[in-house]
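Given as structure tokens, the chain that follows is alone and in the form predicted alone.
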Amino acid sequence: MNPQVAIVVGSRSDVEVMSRASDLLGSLAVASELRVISAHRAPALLGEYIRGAEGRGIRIFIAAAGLAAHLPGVIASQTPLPVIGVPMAGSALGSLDSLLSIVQMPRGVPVATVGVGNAENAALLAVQILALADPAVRERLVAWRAAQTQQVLDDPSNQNGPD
């Protein structure tokens, strides 16, 4: 199965967190690929990767970056495909700099943004987008969400029901 989601991180230190996105995508039978490509240290390589992505079957990018967090915006500036940004923790400013760098994109270059380090929500958002055109993906997503709800209901320590 060809990857539909490209997960791009700017640093090897982000791989551990972002592997949770690829794991969740895999559990929903959505193929992905994870690459480490710095927007600052390897801009030509990044551009080449972005240009070839659609031809390889990529439909959505998930891009994780910390500090200046330019990676999601650089990708979004070079493709018509949706880009989901994941700000990463660990900066001197408590990750606020990463979050604002991704969420404050200029008009015309949108990047959907999830919470700091929230690889799982990025994966789920990618699956929701793919589900718009793929009924099988939609069915798997609906089943996954039902299972999440059931886990909450089955937890005896949960006195108030699902949140």
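This is a predicted model, so every value here is computed, not measured. Position 1 is the first residue in the sequence shown; the rest follow in order.
Omitted here: the form predicted together with a small molecule. The next part is about that form.
Of the candidate stretches 125-133, 65-73, 22-30, 48-56, only 65-73 has residues whose heavy atoms lie within 4.5 Å of the small molecule in the predicted bound form. Remark: residue 84 does not count among the residues lining the small molecule in the predicted bound form, judged by a heavy atom distance of 4.5 Å or less.
In the predicted bound form, the small molecule stays beyond 4.5 Å of every heavy atom belonging to residue 149. Three-residue candidate spot 11, 41 and 88; every residue lies within 4.5 angstroms of the small molecule in the predicted bound form by at least one non-hydrogen atom.
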